[in-house]
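Before any questions on binding or motion, here is one chain by itself as C-alpha cells, the form predicted on its own.
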Amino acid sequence: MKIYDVANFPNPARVRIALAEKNATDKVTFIPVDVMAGEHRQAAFLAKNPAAGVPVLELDDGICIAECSAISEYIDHAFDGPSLTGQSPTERAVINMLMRRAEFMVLDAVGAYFHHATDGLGPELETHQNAAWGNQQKQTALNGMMYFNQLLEDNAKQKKHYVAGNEFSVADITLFAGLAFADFAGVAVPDNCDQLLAWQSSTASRPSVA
C-alpha cells in the first residue's frame, strides 16, 4: 500500500504516528506530494482525493482512502498491536468523540488561523484568505486547549493518563498533532494549562512520536 503525504504536515503526522504505534511503518510506501508546487490540485492527485488534501492511503487494489479518521481506522484494523480506536462500543464512541473535538476545537482551528490570518503557505496557495475568520479561530483553538487541559485534569483524578481514558488512542494522536501545528503557527498553549503541557511533553517522548 502507498501513502501520499507531506512529511511533518499535521494530518500526515497523525497517520505516521498511528503506523508507528502498530509497528507497521515498514508496511507502506510513502510518496511525497509537492504541495508547494500545487501538485495536490492537479488532476492526477484529485482523482485520488477530490478534496485535494493529504494524506491519502492507496491500497493494492487501487482503492483510495482519504481523511485521517478513516485512514487511522483502517490502519488500526489492518495491523496487529494495541487498539487505537477502541474495542467496546463505548470505547469506540468516546475515542471518536474526543478525536473529533481535538480536530475542530484545536487542529482545524489552528489550521484556519494559519491559512487565513498569517502568510500561511504563501500567496500562490493562500488565495482566499479571511483574516477576521482566522483570528476568530485562533481564539477557538485557545479555548479548545483550555477544554482539554480540564479534561486531562479530570482524567488524572481518576488515574487515567490519556485523552480518552486508560489507553493511548487516535484522540491523543490528533490532539498532539494539533498542538504541534499550534507551536509552528505561533499559537502558544496558555500558561495555566499545566496538565495539557505535561501531557504534551509525555506524549512527545513516545517512540512513535519521537
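From 1 onward, residues are counted along the sequence shown. All values reported here derive from a predicted model rather than from experimental measurement.
There is another form of this protein, the form predicted in complex with a small molecule, and it is not shown here; the text below is about that form.
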In this chain shown alone, the residue from Ala177, Val54, Leu57, Val170 with a heavy atom within 4.5 Å of the small molecule in the predicted bound form is Val54
Picking from Glu153, Asp183, Glu39, Glu67, the single residue whose non-hydrogen atoms come within 4.5 angstroms of the small molecule in the predicted bound form is Glu67
Wondering, does Leu121 line up within 4.5 Å of the small molecule in the predicted bound form on heavy atoms?
yes
Under a 4.5 Å heavy atom criterion, is Arg101 part of the interface with the small molecule in the predicted bound form?
no
Is Val35 close enough to touch the small molecule in the predicted bound form, meaning at least one heavy atom pair within 4.5 Å?
yes
Taking the shortest heavy atom distance, is His115 within 4.5 Å of the small molecule in the predicted bound form?
yes
Segment that reaches the small molecule in the predicted bound form - one of 144 to 152, 24 to 32, 46 to 54, 160 to 168, heavy atoms within 4.5 Å
46 to 54
